[in-house]
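Take a look at this single chain, the form predicted on its own, given in structure tokens.
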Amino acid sequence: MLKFNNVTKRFPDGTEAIRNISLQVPRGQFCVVLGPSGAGKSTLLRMLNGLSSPTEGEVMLDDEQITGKSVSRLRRKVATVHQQFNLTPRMSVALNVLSGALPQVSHWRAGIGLFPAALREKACRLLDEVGLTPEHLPRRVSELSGGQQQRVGIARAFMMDPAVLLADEPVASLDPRISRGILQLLHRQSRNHGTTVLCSLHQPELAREFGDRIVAVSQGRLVFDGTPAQLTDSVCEDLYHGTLNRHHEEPKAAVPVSVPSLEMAIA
């Protein structure tokens, strides 16, 4: 379970990116963090992988506080899918996916691309699950479309079997049709692997379609916490006009739906 307990993030100039947020996300839930640009969504996510620390309050993962001492160990439980993919363009698809397992491989092995057979097989299986074929393995990432690159990013994120996946505006640079396909894939993969997802978006229609639960932030404050059905058009209008200031009742944890994962035979 993820917990934000009375968390505030204040920058040196006095700006409060996050203001006294308390939030609990149960295991296996696909929780969408909705809000306009600059609302504090990315800052909230960055506190879970140790890239930002709260000024006040505490952030917990599986009942352990994320601190300077624990972050390197807890970070292995957390993977991230980035808005701009964050891949190495000149490297092959295979090596980009395998880079997700770097914490499990010695530096000298990784430096020469000598990954154990079990990890190479896992990378192939994950690429198959995200809809890429063996023909993609040797291709440079720079040769792929934006949607294909994000599929590579999702496969890489699952190499370490993360307990938590942070998806920070994962479809912001993609067109609407491809965006829906990527979120369908992300939702399916999280179900297949039993992963808790915290996904920041700014599109209400996508939040309603894919979220088990939606929380909304505005000017660093938590202003909505409810089900997709509760996120009405009037609530969205208030959110994006900055006039939404009421919390909605927190829903019960969504029950994960079991979807059979794809398997790929490795010769």
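Note that the structure is predicted; figures quoted are calculated from it, not measured. Throughout, we count residues from 1 along the sequence that is shown.
Note that the form predicted together with a small molecule isn't included here; everything after this is about it.
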Triple contact flag Thr15, Pro36 and His202 to the small molecule in the predicted bound form, non-hydrogen atom at 4.5 angstroms: yes
The small molecule: the contacting residue among Gly28, Gly211, Pro54, Gly40 in the predicted bound form [heavy atom, 4.5 Å]: Gly40
is_contact(Glu129, the small molecule) in the predicted bound form, heavy atom dist at most 4.5 Å: no
Per-stretch contact check against the small molecule in the predicted bound form, the hit in 203-211, 226-234, 42-50, 63-71 (non-hydrogen atom, 4.5 angstroms): 42-50
